[in-house]
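In what follows, one protein chain appears twice in different forms, each by itself as structure tokens: structure 1 and structure 2.
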Structure 1
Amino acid sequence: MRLGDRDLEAVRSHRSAETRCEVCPIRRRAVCAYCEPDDLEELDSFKSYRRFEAGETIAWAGERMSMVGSVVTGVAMLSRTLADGRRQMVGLLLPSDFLGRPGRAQNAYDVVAATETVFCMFQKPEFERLVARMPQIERRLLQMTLDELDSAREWMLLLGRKTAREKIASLFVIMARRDAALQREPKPGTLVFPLYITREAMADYLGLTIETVSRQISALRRDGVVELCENRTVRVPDLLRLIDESGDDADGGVLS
């Protein structure tokens, strides 16, 4: 992982009083979600932060990983390049998602920052020792891994069976739900969330052309399902309607 070649002082340069674990914006959903105050104090003593600019490569597939960590802000893209040069985006790392696996020496995918992205990082050997001593972190990692498996199965359905309109709506639902889950005090009613990635990235991720993505977003906006606002944000007047447009069943809860 490229972070291993960087000076640790530069990696730690983004720390501040606002980055203490107890006030972290991803505290409730990150790998440390089940940690007690004493555990957080220990984590805080050896974590570090690293900022990546949009388009910057965070790690290459096959590269040995010297650090692991969670996305604090921003979004990163996971992709795989085939032998003939074709590339397929296979996932997104959104705030609170974890990069790296304890016990795995190499990174499986290319990881590129889609937006300006900040990671909360740990040296991999230190983190592996921490997991061995703190079963609550191991339990949370297992839970997050199973959630990723569920997401991968849902994505197989999306890519294989859904229409272009349903694919765009599904991606908006994912972003809206994640943003709502990260809010300390979720606001009832209309949802507003940042549009994390470009239309080109959406096309790559969803297996569509850029023109199709643009047409479908325009159609959803024209039909009043979403509104595009300033600063690359999306407003959803009625989340249940957006879920209906995605082809999913809204029963059983909305903002889980």
Structure 2
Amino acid sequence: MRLGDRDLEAVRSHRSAETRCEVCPIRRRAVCAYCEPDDLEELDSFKSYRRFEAGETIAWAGERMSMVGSVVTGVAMLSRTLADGRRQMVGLLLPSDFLGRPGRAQNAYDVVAATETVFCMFQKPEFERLVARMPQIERRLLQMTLDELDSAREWMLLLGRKTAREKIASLFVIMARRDAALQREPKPGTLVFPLYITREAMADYLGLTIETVSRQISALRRDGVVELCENRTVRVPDLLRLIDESGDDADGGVLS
């Protein structure tokens, strides 16, 4: 598949080693955790890039999934749906996140592109052969999976025990941190970041309805905690205030 210039730029930056998070400077994250420089030539021949439109379904729960890979640009959502249609997002894939489970044929979740999204993908059998030959890939996958597990557990705390207002504040903190982590040169000072996703996606993420999401965002705006600018952009004048609203204790808490 032929990629456009913007996508190619993304692919190039995708190969960079690490970025730093301004909000929690300790935490670092490789943009593509299994592609370290010394593996590049070996992996490059097996990679392919695929692009999905916003709203496009990448995979259905229960379907066979023939590829694995990671997000280069854009946002993808993992979700599960109950028999009567209630839906819960169970994962949010931002650039550098891995999609697909080595060693399992079936896909456990619906995967939908929230925005236009580019994936760096491998055929699953080829990837598994690569993993078998290169144990360092397995090690990095384990670390990534453990990180995801930590995020999932933080999310469980949010879903089980936080109020609607705290949930919204937490979401903003998470997105601000993730955005800062992905910035090559994060700007100091006031945080400004894009809200990639719709109210519906936020509601599915937080276990709320869209009406409640809308109301609580309005309330946070009314109280001066956040400002909404054009292009679905959020400005946070005081990050500590926002973190305070999120219910987490100042130090620990939300994993980026």
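Residues are numbered by position in structure 1's sequence, first residue being 1. C-alpha atoms forming the largest set that superposes within 1.5 Å between two forms make up the rigid core. Note that the structure is predicted; figures quoted are calculated from it, not measured.
Q: Given these two structures of one chain, say which is the form predicted in complex with another copy of the chain.
A: Here the form predicted in complex with another copy of the chain corresponds to structure 2.
Q: Does the distance between the two CA positions of G224 reach 2 Å or more between structure 1 and structure 2, the core being superposed?
A: Yes; that C-alpha moves by at least 2 Å between structure 1 and structure 2.
Q: Using a rigid core alignment, state whether the CA of R104 is displaced by 2 Å or more between structure 1 and structure 2.
A: Comparing the forms between structure 1 and structure 2, which are aligned on their rigid core, R104 does not shift its C-alpha by 2 Å or more.
Q: Answer yes if the Cα of G85 shifts by 2 angstroms or more between structure 1 and structure 2 on a rigid-core superposition, and no otherwise.
A: Passes the 2 Å threshold, so yes.
Q: By how many angstrom is the Cα of R235 displaced between structure 1 and structure 2 when the rigid core is overlaid?
A: So the C-alpha of this residue moves 2.8 Å.
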